[in-house]
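Just the one chain here, laid out as structure tokens, in the form predicted on its own.
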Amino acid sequence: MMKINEKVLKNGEKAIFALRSLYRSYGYSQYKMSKFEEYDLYAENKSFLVSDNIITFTGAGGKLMALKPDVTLSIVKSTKDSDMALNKVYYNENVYRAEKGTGDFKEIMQAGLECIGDIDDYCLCEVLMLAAKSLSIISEDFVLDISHHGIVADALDRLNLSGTAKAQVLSAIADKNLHSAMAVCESEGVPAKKTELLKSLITCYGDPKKVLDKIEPQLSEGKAAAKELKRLIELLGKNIPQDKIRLDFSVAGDMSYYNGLAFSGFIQGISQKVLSGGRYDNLLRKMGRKSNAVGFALYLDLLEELEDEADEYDFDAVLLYDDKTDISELKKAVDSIALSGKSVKAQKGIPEKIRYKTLMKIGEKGVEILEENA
């Protein structure tokens, strides 16, 4: 049997195989969906989406359809409430979104999982652990940043801000912009004493124990959230190295959809976050559901930013032949190299602008090596 040559697989494609195995081993079933969904589903939940630019078209029955910009909404729509039951699914799908800055639509390779139903501490810990393990499959040089909307809500509630100002402060928290947050508070007449927790959330970052030790005494309504974080991080630490876990309250989402736990994953060498997740019970309430939910998505298209040693060469070998070469012998030589798991390009001349590890030639005496690159 021919070996799979991993060098011809892109980073995202390599990750998919390992991620499928990981998720299935923890009881998640694969979810498959159509490329199209009724537009109304997305129109009613635009603020939940990463981008509200959606490609639409009119279906055969006259309904307005959309190329899917999101998988989570479709999964939620397809599940039913059931006491004590969990819907645990994983997916790898392509979604279609407008890129920030350009507005051009892009097909994005995405993988992830959703756990919907009676969510408890075990479910939250399992999803966090699988998020961390997903990152480690891609690279050991990763970090998982964790936050909690209950703590952020505590800081915001005591400020008594107008709707616009609240959105501005949330944006400042996400950007870790203390100056901007304080300017908004000052313009709203918020006493300096009431901004202390907000300052801590923006400036404190890193080791979970150190961060929680600093902010916990300042909490009121957020104390339950802090206790939940402590429990989850302690449980997570039994499977994931502590230096891979950080508290970062800039991790956030629309609080009308998300609640509780929130987290993001980063890989050294990639400029953007590659994983985003959290608890989104509020989304299910908006969709008339009583279940709770937690999940995450991995943006596999970003993995192409990684430097890949496999890309050092376009092909393992170039095999030269001429008009006098016996075709059956040439085919035998090419098959032998390919079946060994190496890539080989057979042609009559040395190709331009192609990087190869080994240059070979087939002649009367068989295959001989002309050049070997280290």
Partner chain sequence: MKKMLNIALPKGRLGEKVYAMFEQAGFECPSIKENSRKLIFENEEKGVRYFWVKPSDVAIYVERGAADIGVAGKDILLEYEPDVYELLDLGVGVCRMAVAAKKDFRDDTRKTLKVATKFTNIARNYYSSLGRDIDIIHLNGSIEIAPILGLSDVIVDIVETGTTLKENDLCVVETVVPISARLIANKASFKFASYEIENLKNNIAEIIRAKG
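Residue numbers count along the first chain shown, from 1. Keep in mind the model is a prediction, meaning the values are calculated, not measured.
The following text describes the form predicted in complex with the partner chain, which does not appear among the structures shown.
J.: In the model of the complex, which of the stretches 191-199, 167-175, 281-289, 221-229 has residues with heavy atoms within 4.5 Å of the partner chain?
T.: Correct option: 167-175.
J.: Using a 4.5 angstroms cut-off on non-hydrogen atoms, would residue 93 count as touching the partner chain in the model of the complex?
T.: No.
J.: Does the 4.5 Å heavy atom contact test between residue 256 and the partner chain in the model of the complex come out positive?
T.: Judged by the heavy-atom cut-off of 4.5 Å, residue 256 is well away from the partner chain in the model of the complex.
J.: Residue 238 versus the partner chain, in the model of the complex: is there a non-hydrogen atom within 4.5 Å?
T.: Residue-level check for residue 238: no, no contact with the partner chain.
J.: Is it the case that residue 266, even though its partner is missing from this view, gets within 4.5 Å of the partner chain in the model of the complex, heavy atoms only?
T.: Flag for residue 266 set to yes.
J.: Select from the listed residues 82, 180, 242, 187 the one whose heavy atoms reach within 4.5 Å of the partner chain in the model of the complex.
T.: In short, 180.
J.: Of the options 72, 136, 250, 87, which one has a non-hydrogen atom that comes within 4.5 Å of the partner chain in the model of the complex?
T.: It is 250 that has a heavy atom within 4.5 Å of the partner.
J.: Decide yes or no: are 141, 205 and 246 jointly within 4.5 Å of the partner chain in the model of the complex, with each residue judged by its heavy atoms?
T.: Every listed residue reaches the partner chain in the model of the complex, so yes.
J.: Just to make sure I understand: among 267-290, which residues lie within 4.5 Å of the partner chain in the model of the complex, judging by heavy atoms?
T.: Sequence-ordered list: 267, 268, 270, 271, 272.
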